[in-house]
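The form predicted on its own is given below as one chain in structure tokens.
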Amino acid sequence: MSKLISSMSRGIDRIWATPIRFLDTLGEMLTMLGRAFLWGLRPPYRIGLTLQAMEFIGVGSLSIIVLVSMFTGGVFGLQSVKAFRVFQADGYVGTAVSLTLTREIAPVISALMVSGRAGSAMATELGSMRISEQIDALATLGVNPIQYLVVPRLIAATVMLPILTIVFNVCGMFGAYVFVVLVMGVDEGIFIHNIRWYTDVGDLGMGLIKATFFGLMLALVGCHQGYNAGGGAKGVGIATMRTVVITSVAILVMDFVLTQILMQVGF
């Protein structure tokens, strides 16, 4: 009987362990975000470090965003033509592609690409600094590690991801135009007219708002995982892996939540 009770107790502990770890991690990240906000208001302002982070996140991710967006728009356009021609409505392919890109696909895929490239790099860089005691050395020299390492990355990701989303929209629509108009033979005038008629600033704004939150979130996760890494090289690898997994899941969950909220307020 005692063995059965002991086994049930261990099972209950395992069940509760996951949500407890989630709440602990969430609390740590929110604490880091609050500290970063407060330290970001205080001088010295790390403008040089912020520009370096913006160059790494934005300019460094530009090529992969352009490549992925063109083929994403092209594939979605081809699939839309096939579906719309069943109803003799292939003229509305441009509308479907533009609305889907601006409101959903562009911010989500841009965030996933940047998180896989830049978010994991943040975790690796800060994790390496943690296990080599460089972060402790900064604190010893009187430099706050949050202000020096975290704040520039949060600002850079929050600013650059909406810009990358705009690039994704432009290149995605170009890819759709090439495959839909030039390859599938959809009328060019109708394609462009329906894009201009049915897509407005609110659709673009919805995607940009999402991208802003995604950028802040992926930088926060990457910095948190790297900042708290431990256990040598293996710990750095685990922090990098967790960054990619957590950000990928969080982007999709946050996308659903933000969509519900933004649609309620009129987007």
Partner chain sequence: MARASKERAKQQAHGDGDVTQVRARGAAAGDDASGLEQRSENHQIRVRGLAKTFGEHEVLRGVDLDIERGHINVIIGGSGAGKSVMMKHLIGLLKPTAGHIYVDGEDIVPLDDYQLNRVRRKFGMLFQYAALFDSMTVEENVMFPLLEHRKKEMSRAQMKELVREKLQSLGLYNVEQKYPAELSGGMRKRVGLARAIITQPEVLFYDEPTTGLDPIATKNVDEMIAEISEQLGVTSVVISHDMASTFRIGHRVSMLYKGQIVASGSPSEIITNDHPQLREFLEHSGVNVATAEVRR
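Positions refer to the first chain, counted from 1. Since we're looking at a predicted model, the values are computed, not measured.
The same protein has a further form, the form predicted in complex with the partner chain, not shown here; the description that follows concerns it.
Participant: Have a look at 181-189, 133-141, 168-176, 79-87 and name the one stretch with heavy atoms inside 4.5 Å of the partner chain in the predicted bound form.
Facilitator: Residues of 133-141 come within 4.5 Å of the partner.
Participant: Would Tyr148 count as touching the partner chain in the predicted bound form under a 4.5 Å heavy atom rule?
Facilitator: Flag for Tyr148 set to yes.
Participant: Using 4.5 Å between non-hydrogen atoms, is Arg42 touching the partner chain in the predicted bound form?
Facilitator: Result yes; Arg42 sits at the interface with the partner chain in the predicted bound form.
Participant: Considering non-hydrogen atoms and a 4.5 Å limit, does the partner chain approach Arg242 in the predicted bound form?
Facilitator: Because no heavy atom of Arg242 falls inside 4.5 Å of the partner chain in the predicted bound form, the answer is no.
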